[in-house]
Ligand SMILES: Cc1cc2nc3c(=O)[nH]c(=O)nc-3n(C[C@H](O)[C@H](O)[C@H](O)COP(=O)(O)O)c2cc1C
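Take a look at this single chain in structure tokens; it is the form predicted on its own.
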């Protein structure tokens, strides 16, 4: 039986005064799993949901690929039968295609909540004017948000909008984006406290979340960036006044973070990190869910990307660690898991930042992109043919 401790700062950090409401849905605790490409498939979402409540968003879906019924895209929008609300994130740069995609979601009952991605900093997206580059074009941004909101209204599907601080320090857009999204009918906004130029490097600027909360008054404001523990989440709420948090990289190889978050927001003790025996059970459960979703061979290949995060900080030796990274079947996984000492405690150096960080860099944009912030024209070629941005 694991003992429990409460970080000192978490004891006094207040949870939001009111429950987080996104449209007709109450999100308690006020925690959202951020969409992560290649990560937040139905298997990973179920694993996280087994640890705690919240809102769990599927991988980013490209509007054009959805409308064109790309087979890979249709597989990505798989939801568990008990997954409610079914949350889908859409990427799009064209109001008309966004409208068509949302109408398809409504007509075919594909989701209960739609989140819009205006935060992706990947160069292949920004060089075409998409993702975190797009809010700079204020009119186009507003037209896309409005197209989604209006198309979703008949089904009562709430639309939320996620974005970054701006393109770089000279082109800040988050306050305008928040006001525009609020005015066009968004049910909530979420801010990743970094610019596109920062990508995932450095430290998230939580003061930008505070300023957005002061600006956007009628709908919830969610904070995102550098939440790697339950204590981080409570500190963000206390320091910024945001209505809830969005968790991305912090749960990589660590789905029990949602258990910790649920306890923290309820004012209960946060459990200690699991020992290696418990982590082996989590890894086996993840493998089973992936095998059910993709088939054993493909599912176990997908699990490989999670191994380093699950085993981070544990003294298991380089050879065994390498073999985990090449696992190809459930029987092989069981053999490797059986070689681990279940009594090894959770290592202190496994805490802190996870996932990709990289370094800042110049944002690649279409030629002349920064000339007119009020331009409403759709950038040429900005719609991706397939998902993966």
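Residue numbers count along the first chain shown, from 1. This one's a predicted model, so the numbers in the text were calculated from it and none came from an experiment.
Note that the form predicted together with the named molecule isn't included here; everything after this is about it.
Stretch-level contact analysis of 29 to 37, 46 to 54, 63 to 71, 321 to 329 against the named molecule in the predicted bound form, using heavy atoms and a 4.5 Å limit, identifies 29 to 37. Using a 4.5 angstroms limit between non-hydrogen atoms, residue 226 touches the named molecule in the predicted bound form. A residue is said to contact a partner when one of its heavy atoms sits within 4.5 Å of a partner heavy atom; residue 248 meets this definition for the named molecule in the predicted bound form. Among heavy atoms of residue 162, some come within 4.5 Å of the named molecule in the predicted bound form. Contact annotation: residue 79 falls outside 4.5 Å of the named molecule in the predicted bound form, judged by heavy atom distances. In summary, among the residues 240, 97, 89, 280, the only one with a non-hydrogen atom within 4.5 Å of the named molecule in the predicted bound form is 89. Among the residues 117, 195, 126, 173, the one placing a heavy atom within 4.5 Å of the named molecule in the predicted bound form is 117.
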